[in-house]
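One chain follows as structure tokens, the form predicted on its own.
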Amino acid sequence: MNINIDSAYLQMAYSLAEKALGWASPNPYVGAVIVNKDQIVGYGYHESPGKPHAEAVALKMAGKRAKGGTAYITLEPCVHFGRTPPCVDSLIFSKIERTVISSLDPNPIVNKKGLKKLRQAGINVSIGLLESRNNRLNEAYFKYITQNIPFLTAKTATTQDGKIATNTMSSKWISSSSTREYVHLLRGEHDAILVGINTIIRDDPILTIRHPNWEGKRLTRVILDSHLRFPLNSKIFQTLSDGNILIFCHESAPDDRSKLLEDHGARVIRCSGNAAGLDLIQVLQELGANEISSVLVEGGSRLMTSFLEKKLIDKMYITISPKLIGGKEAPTFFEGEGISVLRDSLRLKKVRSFTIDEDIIVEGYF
């Protein structure tokens, strides 16, 4: 065993797994490389739900050359029948001699069971190398599979003085065109995008992905609209081929309005709430039940404040442009009552920053 060699082959497996980013959800992103006598004899990744898993693709390429070799896999192989057969059985049947697995699968159906079955078959198993890379790559899957709700990433664009619009609600455009292009790249990495009804009424967005890297990618559009004020002439209804439209409303919202929106192609989902808004936990549970594992929240001040106050955001991107707006009435992305003592402030962790044109992009986790 040579940890440098193992690390190099696992890095290759990760480069394959990353090709599935945004496509394989709600399944995890997994890559596999099979090596025999210092030669790569097979490799692959799980492209999308229903297609063969990474191990199966790599084993098919390797054929008989897999016997006596080493399989480098980014995530613990599955042990159950789903849309595809168990990968652990295929590895055992191939007579692989050793497996190097980067991370355990937190799915309770799989967790540690794949390792146990491989070891019972006499296969040497190493676990944990480059695990931190897998934790980041599959952060949405890990939350979704253990909590049954999606991983939430919030994105907001602000000026240098923290404003997201002027006092007349003008916000086009705070960020540069290149930064907005980057946001479309981010959209593609998620299953859904979520906004509030005020964004729909004010901006009439279509909420699609407009980037050549994501051609053919469908993005579920989620709108929180307690009283079903959604305009029937909204442009988003012209883009049903680009993704489903889910409208969450209060239980008391008018039935006739709900039917009109569904006739236009949306799906209306009722949930509980109060005068302050919808029950966001119930919204997330419903999204999880619909196999949505990751959501990009792009709403305005009221929506963003609701999610932040309830500490539901997992990750955040703040784009800061070198502009000043000023004015007490110009909104910021986090308002509400605020905190009284600084030690109670929300704090981003694992922060990194980079620039696009003159904009600064700050990424961090809660």
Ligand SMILES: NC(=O)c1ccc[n+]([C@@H]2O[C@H](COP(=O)([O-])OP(=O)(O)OC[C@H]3O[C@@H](n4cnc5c(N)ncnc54)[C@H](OP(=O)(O)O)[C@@H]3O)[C@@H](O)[C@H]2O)c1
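Residue numbers run from 1 along the displayed sequence. Please read these numbers as outputs of a predicted model, since none were measured by experiment.
The same protein also exists as the form predicted together with the named molecule; that form is not shown, yet it is the one meant from here on.
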*asked:* Given the stretches 143 to 151, 96 to 104, 223 to 231, 122 to 130, which is the single one in contact with the named molecule in the model of the complex, using a heavy atom cutoff of 4.5 Å?
replied: 223 to 231
*Any chance 180, 318 and 351 all have a heavy atom within 4.5 Å of the named molecule in the model of the complex?*
no
*Just one of 176, 84, 90, 156 has a heavy atom within 4.5 Å of the named molecule in the model of the complex. Which one?*
156
*Taking the named molecule in the model of the complex as the reference, which of 260, 240, 109, 169 has a non-hydrogen atom within 4.5 Å?*
169
*Answer for residue 203 alone: is it within 4.5 Å of the named molecule in the model of the complex, judged on heavy atom distances?*
yes
*Does the 4.5 Å heavy atom contact test between residue 301 and the named molecule in the model of the complex come out positive?*
yes
*Look up in the model of the complex whether residue 276 has a non-hydrogen atom within 4.5 angstroms of the named molecule, and give yes or no.*
yes
_Quick check on residue 199: any heavy atom within 4.5 Å of the named molecule in the model of the complex?_
yes
